[in-house]
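Quick heads-up: it's one chain on its own, the form predicted on its own, in structure tokens.
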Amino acid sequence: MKYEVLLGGKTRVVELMRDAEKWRVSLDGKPIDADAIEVAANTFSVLIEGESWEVRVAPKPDGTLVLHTGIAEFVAQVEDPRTWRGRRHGAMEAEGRQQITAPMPGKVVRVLANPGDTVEAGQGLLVVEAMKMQNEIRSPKNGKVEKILVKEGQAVNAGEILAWVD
């Protein structure tokens, strides 16, 4: 599979090839020694050229991906019309009951929605502060906030369930 990824204003070509139990990866035509495994929902342990990274991926309704790794945050957009056509324009949205999880460890600084509130896809539900940066956690779908499981001032871990939207 070959993807064009817009990252930091630059388009990169990423090619993924399955080779038995592992993936072979090339970036802009150059092979990379890389391996990845999903350790939790939307959280990957990635080994690149012998260096280990934990990458948390937060898809946004507009089709972009927010990638958190350590103290860095990147926004990526995958330009593959066969796979991502509908997502780029917000046409695809999550279906069914969705759990909202913390993309990183931090502290809840604001709760923007209450149980029973009707929300739109992309609407802010909570604000989590991590590494002195505030990150708005948004609804992945149109629906109703079923539960908010955290309070302002509460510390949260990466992957911890913060809310449910149905």
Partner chain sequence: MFRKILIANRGEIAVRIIRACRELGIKSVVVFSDVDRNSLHVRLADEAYPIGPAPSRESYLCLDKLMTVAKRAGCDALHPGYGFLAENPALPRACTDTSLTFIGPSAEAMEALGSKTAGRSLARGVDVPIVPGTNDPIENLEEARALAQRMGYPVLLKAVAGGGGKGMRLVSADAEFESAFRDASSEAMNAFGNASVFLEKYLEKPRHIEIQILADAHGRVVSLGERECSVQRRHQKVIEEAPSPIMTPELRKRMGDAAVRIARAGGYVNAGTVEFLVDTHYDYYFLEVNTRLQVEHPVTEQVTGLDLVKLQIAIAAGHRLPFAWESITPRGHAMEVRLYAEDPENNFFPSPGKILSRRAPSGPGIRLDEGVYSGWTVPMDYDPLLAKLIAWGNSREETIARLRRALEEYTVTGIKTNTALFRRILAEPDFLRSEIHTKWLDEMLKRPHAAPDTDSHAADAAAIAAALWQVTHDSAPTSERTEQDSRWKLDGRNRQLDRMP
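Positions refer to the first chain, counted from 1. Worth saying up front: this structure is predicted, and the values here are computed from it rather than measured.
The protein also exists as the form predicted together with its partner chain; that form is not presented, and the subsequent description refers to it.
Looking at the partner-bound form in the predicted complex, is P59 within 4.5 Å of its partner chain by any heavy atom?
It does: once its partner chain is placed as it appears in the predicted complex, P59 has a heavy atom within 4.5 Å of it.
Is L125 close enough to touch its partner chain in the predicted complex, meaning at least one heavy atom pair within 4.5 Å?
No, L125 sits far enough from its partner chain in the predicted complex that none of its heavy atoms falls within 4.5 Å.
If we define contact as a non-hydrogen atom of the residue within 4.5 angstroms of the partner, is V145 a contact of its partner chain in the predicted complex?
Because no heavy atom of V145 falls inside 4.5 Å of its partner chain in the predicted complex, the answer is no.
If we define contact as a non-hydrogen atom of the residue within 4.5 angstroms of the partner, is E136 a contact of its partner chain in the predicted complex?
Close contact exists here: in the predicted complex, E136 approaches its partner chain to within 4.5 Å, heavy atoms only.
Looking at its partner chain in the predicted complex, which residues in 41-69 have at least one heavy atom within 4.5 Å of it?
Contacting residues: A41, N42, T43, F44, S45, V46, L47, I48, E49, G50, E51, S52, W53, E54, V55, R56, V57, A58, P59, L65, L67, T69.
Closer or farther in the predicted complex, the Cα atoms of K141 and G8, when the shift from this form is 3 Å or more
The answer is closer, because the C-alphas of K141 and G8 approach each other in the predicted complex by 3 Å or more.
Between E160 and A36, does the Cα distance in the predicted complex come out closer or farther than in this form, changing by 3 Å or more?
Those two alpha carbons end up farther apart in the predicted complex.
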